[in-house]
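In structure tokens, one chain follows: the form predicted on its own.
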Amino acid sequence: MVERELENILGKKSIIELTPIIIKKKDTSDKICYFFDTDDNASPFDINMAYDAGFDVVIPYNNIKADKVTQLVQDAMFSRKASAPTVYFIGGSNVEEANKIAETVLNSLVPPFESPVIIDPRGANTTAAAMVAKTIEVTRKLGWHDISGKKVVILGGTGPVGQIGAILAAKLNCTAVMTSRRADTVKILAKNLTEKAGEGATEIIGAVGITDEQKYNLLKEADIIWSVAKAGVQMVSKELLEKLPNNKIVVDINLVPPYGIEGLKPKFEGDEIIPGIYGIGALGVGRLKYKTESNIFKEASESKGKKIFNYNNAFKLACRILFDEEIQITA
């Protein structure tokens, strides 16, 4: 009965044509991150960060030097589609060698196989960027507006974070003073970093800061103090801190006791340690560092072509996360 009714409506000779739907398959190439580390062991922190940011495969290489990189990069890029999502990440404690590796990677890439390159030696770029951005956040709360023209003393400043922090401070037109136990080393390093900071940046100064007397003479005129020495090393005792004039911001990136600045707790977010001295602890810096690095990995994994993610990108991103705006620095 139903069949007869359909025949009356459609006609016995009706033909129903079906147009096939063609579904274009999405490129399912894995996101691969090649991790070149200058240290004996590639950092588990950075490996975890890359996986958590969405990479399918992270391939670490340790003890890498710039002269080993070209063959690795060319093997990696020529074995994949030009459009395959590939990122090169450079880490390790040797900032100078990491910069050479990054330059070599960029020079090894050829069209159309170019890919993004992230440089963050031992987390220095993202940690320093977070440290500077958090400092600016507290200066705004205190009504300083920004840190331009302020004197910044960087205790233990010859390490990776101290070096990048000094460059960013110079680019923001601060008077940046980095300390070390070795006079010749720190002065030569300060000169080299001033050159890297480029035209328009202020001069970075190297100074010796071993004894409390030496530290006091440096810190008494500082507006901002960054303690960036190795974990578990106290740089400023509470006794020394209490001797200093007030109206200062102090930052400690050390999360391993004893902390770099006695009395500055890791959870502090601009809290007053003693009257007129305000502290930012390692957790406040660390949380922003984590967000910054995570976002860099995600942005790089979705980028095409040759693009470098360095401390400039890290600082701009940290500021966007904190303030929803970018703070301009010299090129």
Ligand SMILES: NC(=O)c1ccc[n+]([C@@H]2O[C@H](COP(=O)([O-])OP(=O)(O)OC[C@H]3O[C@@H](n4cnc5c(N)ncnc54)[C@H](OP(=O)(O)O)[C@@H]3O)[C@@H](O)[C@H]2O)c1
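Given the structure is predicted, the values throughout are model-derived calculations rather than measurements. Residue indices: 1-based, along the sequence shown.
Heads up, the form predicted together with the named molecule isn't pictured, but that's what we're talking about next.
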Checklist entry - Of 81, 182, 145, 220, which residue is found within 4.5 angstroms of the named molecule in the predicted bound form when only non-hydrogen atoms are counted? => result 182
Checklist entry - Looking at 228, 225, 90, 204, which is the one with a non-hydrogen atom within 4.5 Å of the named molecule in the predicted bound form? => result 228
Checklist entry - Exactly one stretch in 104-112, 167-175, 81-89, 230-238 has heavy atoms within 4.5 Å of the named molecule in the predicted bound form; which is it? => result 230-238
Next on the checklist: in the predicted bound form, is there a heavy atom of the named molecule that lies within 4.5 Å of any heavy atom of residue 282, even though the partner is absent here?
Outcome noted: yes
Next on the checklist: My question is simply whether residue 127 lines the interface with the named molecule in the predicted bound form - judged by any non-hydrogen atom within 4.5 Å.
Outcome noted: yes
Checklist entry - Hey, in the predicted bound form, does residue 60 get a heavy atom within 4.5 angstroms of the named molecule? => result no
Checklist entry - Is there any non-hydrogen atom of residue 286 lying within 4.5 Å of the named molecule in the predicted bound form? => result yes
